[in-house]
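As a starting point, one isolated chain is supplied in structure tokens, in the form predicted alone.
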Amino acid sequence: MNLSEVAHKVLEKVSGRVSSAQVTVSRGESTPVSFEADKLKAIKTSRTVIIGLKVISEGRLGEAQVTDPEDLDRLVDMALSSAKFGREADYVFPNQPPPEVKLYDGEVAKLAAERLIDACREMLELVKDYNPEITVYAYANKWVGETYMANTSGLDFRGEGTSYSIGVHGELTREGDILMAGYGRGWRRAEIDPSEVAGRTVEKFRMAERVVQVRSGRMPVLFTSEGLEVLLLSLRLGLSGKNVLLGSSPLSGKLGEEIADPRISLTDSGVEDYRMGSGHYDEDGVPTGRTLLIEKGVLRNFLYDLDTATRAGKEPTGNTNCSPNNWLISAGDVPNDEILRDLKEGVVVYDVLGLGQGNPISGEFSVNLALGYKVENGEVVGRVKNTMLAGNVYEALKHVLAVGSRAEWVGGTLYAPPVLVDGLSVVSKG
């Protein structure tokens, strides 16, 4: 299938029937491998084709998708039909040059299924070497794809992309206690060390060998790079231009105001080489770029897609549905291995259950610690169980005690250091 031919065939079919149209044709091939309960469970290769069409007809937006290149007439009919009931759209799809960003690594395309299986086995064996009683789950996945985007404004772009990810997690049952811990990495290159991934998982189990009690009360909490998701969920909602336009964001009307500690700076970027959240364009054909959201605690910008930006009288930032691309949190000045040094008592957060409970749009959260540790006199002394953490994201960001000096990539789209926050509510049920 020639992606360019398909895209331009669709544009020909809507020519003269709409004021603006954009077609995105993408295809990809993925090879996921999974091990479950110490054994190889599945390995397969799947191929996908998606043809998406957006039209603006009589001032309203219509959208549709199909997966069969033979269904182009149906695609056009569905898009035109949806435009009759779509939201008003006072814009045309743009034609701007793409940014420079690397998304494709030929070495990923060369990865054989055997290599993926070997990576899983290596991680599994390393965890088992630490403790054979741990039930291990491992995965590896490679993806190779290409996208062609064209619109009635003259945009004509073809891009290639790859991704590679591996991870391992385990379950350990002891006297009715179930401990789950794991780690994974993903990006667009073939260079991930299975031993490093397994080592991070083993370290979490090692720190959890002792179970300790933590008192209930307000105390400092260290959010590791992985644990920062507790705070970032509310920020994603608050920094969405769509929520600002609707008036539901608590950050509405606060541009230029201090909303966080001066040690907090946050940038959205779609142009980080080989990162999972990077791309040349968003779904509306707006080029990606970098948007400074919080500068030394001061709110500077929101994220906008083309539709929301037009309605708000703002410039689009290249963020599909006003959602983040990659988020980069600036490192601080405290070495990561010293950030707990002066802490007499506190909690370290790696993972939680119930994220999204409470009222995330307002910043309120209340979560159970799935994997957390107690700190005494600057040292991690063991894992805590049956413990809840509660607070308000926006208040927490104003009470930062320290920001680590070394950031790392988490989940493929977040680059962040650990952040120590004061005065959160810890509730122990044990």
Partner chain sequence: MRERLEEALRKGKADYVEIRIEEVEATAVAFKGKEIDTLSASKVRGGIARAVVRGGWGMAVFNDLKELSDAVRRACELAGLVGREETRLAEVEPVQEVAGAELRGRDFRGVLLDEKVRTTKEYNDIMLRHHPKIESTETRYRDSFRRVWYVNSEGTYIEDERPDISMYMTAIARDGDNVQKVTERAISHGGFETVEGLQERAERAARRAVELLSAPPVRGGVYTVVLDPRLAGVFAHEAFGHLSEADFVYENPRLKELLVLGRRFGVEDVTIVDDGTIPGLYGTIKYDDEGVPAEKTYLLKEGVLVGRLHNRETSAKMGEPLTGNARAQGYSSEPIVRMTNTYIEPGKVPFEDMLSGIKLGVYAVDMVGGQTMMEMFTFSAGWGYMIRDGRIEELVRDVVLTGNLFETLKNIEAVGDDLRWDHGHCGKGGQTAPVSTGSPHIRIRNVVVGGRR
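Every value quoted in this text rests on a predicted model; they were computed, and no experiment measured them. Residue numbers count along the first chain shown, from 1.
Below, we turn to the form predicted together with the partner chain, even though it does not appear here.
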Of 169-177, 202-210, 264-272, 156-164, the segment with heavy atoms within 4.5 Å of the partner chain in the predicted bound form is residues 169-177
I have E63, K385 and S425 flagged as a candidate spot, so tell me whether each of them has a non-hydrogen atom within 4.5 Å of the partner chain in the predicted bound form. yes
| said: So, A113 and the partner chain: in the predicted bound form, are they within 4.5 Å at any heavy atom pair? | reply: yes
4.5 angstroms heavy atom contact with the partner chain in the predicted bound form for E100:
no
Partner proximity in the predicted bound form: Y148 to the partner chain, non-hydrogen atom cutoff 4.5 Å: no
- Query: Is G404 close enough to touch the partner chain in the predicted bound form, meaning at least one heavy atom pair within 4.5 Å?
  - Reply: no
Of G289, G354, G297, G186, the only residue with a heavy atom within 4.5 Å of the partner chain in the predicted bound form is G354
Near the partner chain in the predicted bound form, with a heavy atom at 4.5 Å or closer, the residues from 79-103 are S81, S82, F85, G86, R87
